[in-house]
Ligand code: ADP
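A single chain comes next, written as structure tokens; it is the form predicted on its own.
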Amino acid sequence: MIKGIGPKTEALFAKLHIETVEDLISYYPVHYDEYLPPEPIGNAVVGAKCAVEGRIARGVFRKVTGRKTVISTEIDDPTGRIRLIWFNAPYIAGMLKKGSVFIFRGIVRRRQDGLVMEHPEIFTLYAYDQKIKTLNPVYSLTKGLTNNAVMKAVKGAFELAGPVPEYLPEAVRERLGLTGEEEASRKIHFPADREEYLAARRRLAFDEMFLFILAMRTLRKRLGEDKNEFPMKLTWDTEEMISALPFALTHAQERTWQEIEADLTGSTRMARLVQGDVGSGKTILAFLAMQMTAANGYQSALMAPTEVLARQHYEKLCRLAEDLHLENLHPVLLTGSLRASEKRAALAAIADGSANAVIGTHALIEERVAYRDLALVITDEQHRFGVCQREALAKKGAPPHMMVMSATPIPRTLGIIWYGDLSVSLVDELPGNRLPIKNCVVGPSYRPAAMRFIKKEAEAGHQAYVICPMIEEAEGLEAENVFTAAARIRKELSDLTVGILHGRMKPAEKDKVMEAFRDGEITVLVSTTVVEVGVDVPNATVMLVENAERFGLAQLHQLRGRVGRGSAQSYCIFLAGQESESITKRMEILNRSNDGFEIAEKDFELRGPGDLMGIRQSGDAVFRLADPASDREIVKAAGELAAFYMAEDPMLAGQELAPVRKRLDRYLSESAKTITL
């Protein structure tokens, strides 16, 4: 037991899914509070935390209202003036005298009478000089748990855990410029400066990338040779299905479908990645492949990361089969929440083959699920599943064809490294019947207008998303959070139904909320980025992203793909919490392009891997630190090392690679438990 953690604190940590020493060590900071050199007052960025050096230009005033004490004064320098305010801190008055010079650090706000800094820290010039460039970790918290409590617990966890065994050879670490795993694990929490943080992050991000890529490649080896165990013939069923669709396939969809057909009818087993933006039409390609599989007398399975998404796929395929009279396609849904009688019926239909298009979640890989002839496995947003889960599904008989779908904008060359020897198809064209989303980039002063706009759209019968970077308030991190934003919106738009969605909710709770939003029972959904992989809600026409500057552009692009899925005009409002030229420049890229791959490239050019000291770009448990779209050099290095080891020893059976194999086995064991939004 970690010193200082009693039953109450333990229960608070459990709310964050922290139950073991290992959980604490891998509970990385979401941000770092960096003490930067002081800025001239005239250069202070509104909405940002900064330090300014100033002379107290007027007396210190004290005002008492009931139980509230307000201390205020003003400071100036040659570039400007700013008002300082402290609440319930009467001792401040004795520290400050007119004409004295201090450094004050806090969030800068703009009021009608000028700039204001509320409750700033106070330093002498010497004291602040000692803190310049130091970093303090900032963790995601829950009510009742402080940032200091988490820091102390993490330090205690390291004392209990002991040394972390290194699995990468020293020569490899030196060649790649990687710090040791033990050092990186500690310094990601407590870096002395930015350089130490970057070195720690690079090593841990490399581990995430390397182990994932290595797991993917060993998975391919374990599944056997590439011989096509389920050879198929071209069928008129798919041609009739395409001609009967109420829309024409795009050129990109047609090209990708031809590649899938060639794989299924070829002499080797299909292993194909279908990449495309949200809304590019990947799902219909999956349905075509399932129809072709059924026409050839085999079964297919489509595995989705959430029950609500699995149900949506199932309902769409059932409607398609009914509307287009697809008599040989018999879908069945298999999820954990089915009633016992429904589950028994589904299992029986899968076992005897009467159900030939199986759609579900991780329930598809349970031991009691027996397939008659599983020839095709499709995974949606595949990196969100544990590698062991994909392997278990693929092992339900002879090695089946594998098709994975992803909206993550990874450049083609990196995709080849990332997904091993998967063939890559790019669906780089959106359906022509979609109205372009209208975007705007605004500052925090626009929020009241945004609320009025959401209300107007709601009155017209539409729905809205509000995306926040945080679940709850975090000490030292100035960013909107789901609970505070939802409470404010409920007050401002009291006649609308407001729902909450975030990653700490249980899967069943998430599904219930998303179903309510899809069915129109919730008008405004306040959420974290978990909606990035969500159901289609054609009636949702507005997305407001709070603190948009804290997200990667590629992720913002995927988020806005949640709207614009119906016939009505849709809008995306990127609300930046800070006002600066560089932030505006980044956000404007989203106005100019709807190409996720181009946006990812531009984002990398502007930010680079050294500018990731903000909210984590990924909500996956698979990648806590790594950003596939931005960490291109790390992906390349990890892919090359994985390829080298697989070429030298495909099963990692030799004594020399025993530490790598042991670390991979641990990763696979952890990955087997990974089902996340």
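For every residue, the number given is its place in the sequence shown, counted from 1. All values derive from a computational prediction rather than experimental measurement. Rigid core (definition): largest C-alpha set, two forms, superposition within 1.5 Å.
There is another form of this protein, the form predicted in complex with adenosine-5'-diphosphate (ADP), and it is not shown here; the text below is about that form.
Although the partner is absent from this view, D76 stays clear of adenosine-5'-diphosphate (ADP) in the model of the complex, with no non-hydrogen atom inside 4.5 angstroms.
Taking the partner from elsewhere, D207 is found to have every heavy atom lying beyond 4.5 Å of adenosine-5'-diphosphate (ADP) in the model of the complex. Residue contact check for G281: one or more of its heavy atoms lie within 4.5 Å of adenosine-5'-diphosphate (ADP) in the model of the complex. Residue contact check for Y91: none of its heavy atoms lie within 4.5 Å of adenosine-5'-diphosphate (ADP) in the model of the complex.
Residue heavy atoms within 4.5 Å of adenosine-5'-diphosphate (ADP) in the model of the complex occur in exactly one stretch of 159-167, 181-189, 244-252, 488-496, and that stretch is 244-252. The candidate spot formed by G144, E472 and K506 lies out of contact with adenosine-5'-diphosphate (ADP) in the model of the complex, as no residue has a heavy atom within 4.5 Å of it. Interface residue among G266, G297, P431, G336, judged by heavy atoms within 4.5 Å of adenosine-5'-diphosphate (ADP) in the model of the complex: P431.
Out of the listed residues E366, D595, E515, D536, D536 is the one that sits within 4.5 Å of adenosine-5'-diphosphate (ADP) in the model of the complex by at least one heavy atom. With the core superposed, M151 shows a C-alpha displacement below 2 Å between the shown form and the other one. Once the rigid core is used as the reference frame, the Cα position of L285 differs between the shown form and the other one by 2 Å or more. In a rigid-core overlay of the protein, Q312 has its C-alpha displaced by at least 2 Å between the shown form and the other one.
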